[in-house]
Ligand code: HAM
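Take a look at this one chain, the form predicted on its own, written out in structure tokens.
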Amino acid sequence: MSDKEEVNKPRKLQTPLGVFDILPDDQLYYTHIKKVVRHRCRQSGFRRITTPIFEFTDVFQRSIGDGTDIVQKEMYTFLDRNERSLTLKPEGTAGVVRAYLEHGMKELPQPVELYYIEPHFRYDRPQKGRYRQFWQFGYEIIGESDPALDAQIVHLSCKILDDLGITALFKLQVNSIGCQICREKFLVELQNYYIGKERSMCSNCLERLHKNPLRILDCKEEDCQILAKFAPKLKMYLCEECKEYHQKFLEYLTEVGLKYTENEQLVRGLDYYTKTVFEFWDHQQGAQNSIGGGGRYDGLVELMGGQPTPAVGVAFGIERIIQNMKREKIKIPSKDNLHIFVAQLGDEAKKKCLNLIWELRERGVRTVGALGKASMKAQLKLADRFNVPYTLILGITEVREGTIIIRDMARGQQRIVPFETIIDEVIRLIGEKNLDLYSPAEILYE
């Protein structure tokens, strides 16, 4: 092949690095997780919110912090045709707070409890559990400050992880990073500690030293972790109010039976956090396989232009949760398995099957028919591939005699029944096999 032919050869189309298709088998996991989150959040009084995929860049610069890795390195930012800077949302809380302010939610009964299940975007190095487009679910309580609310957020998270079958895989890590006032002296002491130790620090932490020194404590590099163990401890600088708040938070966790580990190096990666922070770490891999976390952000609403308003929230990575569910071989309940395959031969049979298929579906029977197939042999072969328990067969003779054939696919046995009784007969057979029908509510509202 010549160079010219090579240039003109169509490029193979595939997804960009760091993004992926969610194929039907994996959709089962996403659907199951969404159902669990919706159920638990509704049960707890949260209402769902969806914010735009992209926002004005200021929304994230102002909230997340200019000194964070997300703002400096990971945001997908672009100019629109009017030269306005827009950014694909890298996290959920900033957009929720912007919506709280823009739509006057402060006038609603406080606190306002909101949850979301949405895709997010970060230009990050793709690796296990870390993608450039990823899904998160999260929930926020805005408008009230009480350590009981922090404990409620954590308790709700544990309930969801328990429903998903992975609670035992993770340890709850908690810490208090104090308020802005009691952190000021600590940050000075922290910078003084690291000055002179630059040779032992990674390049990222060298940048953080003068921009965001608190983030150094959260670095995953081995040398930086060793330095962090001997660094000044933030708890020694907490004001009395922050100490009391954190102590009550721990007491509430104990009251609801939650075990936790106090982790003085836990700081989270976003500038808006104050007081309570927490994460769920893998028992074996630690922070390298954290599936989610959150904390209190009492200054964020004011930072984004509102009145001082306390808030607390959490977010979880759905892809990371799925990886752990697969690792544990957790079986996902599926309602995609078919009950009935309808095979037909001849135009008159096909006409009768059109209504039959939909009547079965309306009664909650998951039904598929190969209306485009001419050969009965090909249709029965397809029924085998769908792994249905029963196949209904309607041919020219059956149409003329007003009957239909029911074939038990596992036994290879079949019998003839009156066509007018087939729907009730199918429902009876499905009940005998203890197979679940779709209820009308599931069909309409699932």
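For clarity, every value in this text was computed on a predicted model and none was experimentally measured. Position 1 is the first residue in the sequence shown; the rest follow in order.
What follows is about the form predicted together with the named molecule, which we do not show.
> Choose one stretch from 135 to 143, 258 to 266, 334 to 342, 159 to 167: the one whose residues place a heavy atom within 4.5 angstroms of the named molecule in the predicted bound form.
Selected range: 135 to 143.
> I'd like to know if Gly129 sits close to the named molecule in the predicted bound form, meaning any non-hydrogen atom pair within 4.5 angstroms.
So Gly129 counts as contacting the named molecule.
> With heavy atoms only and a cut-off of 4.5 Å, decide whether Thr274 touches the named molecule in the predicted bound form.
No.
> Is it the case that Tyr100, even though its partner is missing from this view, gets within 4.5 Å of the named molecule in the predicted bound form, heavy atoms only?
Answer no; every heavy atom of Tyr100 is more than 4.5 Å from the named molecule in the predicted bound form.
> Might Val314 be said to contact the named molecule in the predicted bound form, defining contact as any heavy atom within 4.5 Å?
Contact check for Val314: yes, within 4.5 Å of the named molecule in the predicted bound form.
> So which of Arg183, His246, Arg208, Arg122 reaches within 4.5 angstroms of the named molecule in the predicted bound form, heavy atom to heavy atom?
Residue within 4.5 Å of the partner: Arg122.
> Could you work out which of Gly178, Gly293, Pro111, Pro232 is the residue within 4.5 angstroms of the named molecule in the predicted bound form, going by heavy atoms?
So the residue touching the named molecule in the predicted bound form, by this definition, is Gly293.
> Which of the residues spanning 82 to 107 lie within 4.5 Å of the named molecule in the predicted bound form, based on heavy atoms?
Glu91, Gly92, Thr93 sit within 4.5 Å of the partner.
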